[in-house]
Every structure is written in C-alpha cells, then in structure tokens.
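Below you'll find only one chain, the form predicted alone, shown as structure tokens.
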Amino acid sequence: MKFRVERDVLAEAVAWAARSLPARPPVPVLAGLLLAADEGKLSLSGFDYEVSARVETEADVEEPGTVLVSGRLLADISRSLPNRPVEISTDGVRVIVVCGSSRFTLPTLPVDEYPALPQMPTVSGTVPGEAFAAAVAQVATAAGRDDTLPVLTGVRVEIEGDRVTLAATDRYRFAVRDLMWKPEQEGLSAVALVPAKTLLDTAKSLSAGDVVSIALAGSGKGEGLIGFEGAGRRTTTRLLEGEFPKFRALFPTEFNSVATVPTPAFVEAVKRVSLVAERNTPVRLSFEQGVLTLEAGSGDDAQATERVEADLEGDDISIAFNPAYLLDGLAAIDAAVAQLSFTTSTKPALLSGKHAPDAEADEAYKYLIMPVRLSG
C-alpha cells in the first residue's frame, strides 16, 4: 500500500475515526485503525463491538491496500506532523509515515483478526446537521451517567412521520425536544434508545454537513442498530435495551404560577449564589410580582442572597432546585428569556425559553426539573 494525502486532511480523518477507540480494548486489534486505500480514496475505520466509525477522504493512491495500525498512536503522529503532504506506505509488517524530514515506522496489527464492521442500515430519513446537533445537545444534558442504570444513560429517539422526538432523564430532570425531518417513506414509525454520549459525540461531529442521514435497523431492542452519516463520515451504534420511562404524562399542562426572567441575569445570579451552596444543597427561589429572590446557605454556614427582576403571573411561590441542574436547563433553552411554570413548590417545574419577553414560549424544547424539598 502507498498513498499521499494532505496533513490536515489526514489528521482530521484519523482524529475522527479514532475518537471512539476503547482505552482498554478487550482484544489488541480493537486498538487499531483500519486504513484502506483504493482508486483515489482513503477510508479509515474503527470499531469496538458497540460503536463503529468510518470516514472517507480523497488521497493520491499509488498502490492500493489495507493495513491495521494503532489508532491513538497514528492520531498523535498525524496531529504533530509539519504542514506538508504525508506519504504512507507499507514495508512488510511495518507502516512507514513520511512528512517532510519526519519519518515514523509503525508496527502493524493482524488485519485478518479485525472484526467486520456492521453494515449501515437502510436510510430512514435526513435532518439538517446543525439542527440535529443542537437538539441532541439540549436533550443529552439530562441523560443519566450511572452505568448501573443503563436505560437512563440513553436518549430515546421516537420517529412519527415527519417528526422526531428526543427525550432523556436521570430521574431528577427530564428533557424533551421535537424537531422536523424528511423521512424516506410516509407514515414511518420507529423507536430507538441510543447511548447519550455516543449520540452527542456523533451529532456534534456531523454538524458541519448540510444533512445527516439517520438509519434504523432491528426491532429497536437488543441487536438493533442505528446509523448516522454525513459529510463522508459514518457511525453505527448498538441500541440500549430496557423500558424507557413513560414521560409525556409527567409534563403538567396547567399551572398556578408562571414566571419569566431574563436568562443572562438569571444564570449569573444562580452561579453567584450557589458559591456558598455545599455539595447537593439547593438554591431557593422566591417569586413575587416584579422580583425573584435567590438564596443559598443557612444557619452558621456561609449564606448568599440576590434579587433579580422577574415577571410573575399567578400565585407567589418559593421553590428550591439543585443549582447544577437548573444551570444545565438554562444553558439548554438557548433563549433570551427563561420561563418557569409551576403547579406547587413540591412538584416538578417546567422550564422553557422565549426569544423576547412578549413572545410565546418555545414549545419544541421542554426541561422538567424536580424541586428539592426544604426542611421545615
């Protein structure tokens, strides 16, 4: 095998394909990156039995061939090379990387022991790359990180016709986002539970492309696969098993109080007040007409208080939240004005965004946050 490729092109492709390689692979070949050169194209692939990644780019191929090398080592080398064309060739069981006056000789891994990458399922539909990345980021912030509860570490993807609904929860907050897409067939209906970290990384890495193709295979459980493709990059991942919480009934539709607060001022106030909040202690919010009072700390501990302008419709209310969860939600709404809707101080509050004080709340994204019960 022998080919030439631009340094930046190689470094970007290797970094993307190697990003999901396991830090401690169960078998040595899974630490490898598969390079295949043929007819002006270079493809790089990685696989860990759960997630596969494949990227294709143009290259000047002199001798076609396939080779398996350490992905992380090749990524480190590619990133550090001078800004000149890179020539990669094989010499027996070694790979030679030459760039300017730099020369590296790398051992190869046995190609015949490398597992076959899963086939990309049939494309189910397409969605704009930037919109998809933004939607996934809004929802993934609420996904659980406890691997002993794997169902909660996923994002539920529901497809109904031309609408995709993404949902995630860690039991303390629930994020739901609706977005439109172009299905390949009318009346398409499907459900998948995708690992949140994989979905977030994939959506972010494909955001540069105009569109992302989404492909579903299997029953949606167990052996099911989901695939994503865009801008010459392709990822597949196994779906999670388990029953995701039925979330629609959790979102209240009637409220006793609705408050609106300028988001930047709200965020800064929460950050300042929570400086005195010990680990797992809440920030208290007291809403009255025209003002929101934030408080943290009590007794002999450090204490903080701050007041922010706010509009309130309905009854005065005092409620407490985990400040980290509240800040996650305020960052996710990505809006100039935050709207908090309450039933009572002991029931979940609904956070949504508004682009202006007199505008309607954005119904596409909802963030439900559980309050913290205050002693006394």
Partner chain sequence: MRLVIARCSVDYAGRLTAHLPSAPRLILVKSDGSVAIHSDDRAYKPLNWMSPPCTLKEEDGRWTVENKAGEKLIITLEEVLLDSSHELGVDPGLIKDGVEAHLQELLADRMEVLGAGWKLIRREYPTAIGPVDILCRDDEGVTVAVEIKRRGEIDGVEQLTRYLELLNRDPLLAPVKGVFAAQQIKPQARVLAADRGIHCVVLDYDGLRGIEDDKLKLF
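Residue numbers count along the first chain shown, from 1. All values derive from a computational prediction rather than experimental measurement.
Below, we refer to the form predicted in complex with the partner chain, which is not included among the displayed structures.
- Heavy atoms of G100 never reach within 4.5 Å of the partner chain in the predicted complex, leaving it off the interface.
- In the predicted complex, the partner chain lies farther than 4.5 Å from every heavy atom of P323.
- Heavy atoms of L368 reach within 4.5 Å of the partner chain in the predicted complex, making it an interface residue.
- The partner chain is not drawn, but in the predicted complex it has no heavy atom within 4.5 Å of P118.
- Within 4.5 Å of the partner chain in the predicted complex, a heavy atom is found for all three of P26, R173 and P348.
- Looking at 266-274, 76-84, 300-308, 245-253, the stretch with residues near the partner chain in the predicted complex, meaning non-hydrogen atoms within 4.5 angstroms, turns out to be 245-253.
- The partner is not shown here, and in the predicted complex the stretch 305-335 never reaches within 4.5 angstroms of the partner chain through any heavy atom.
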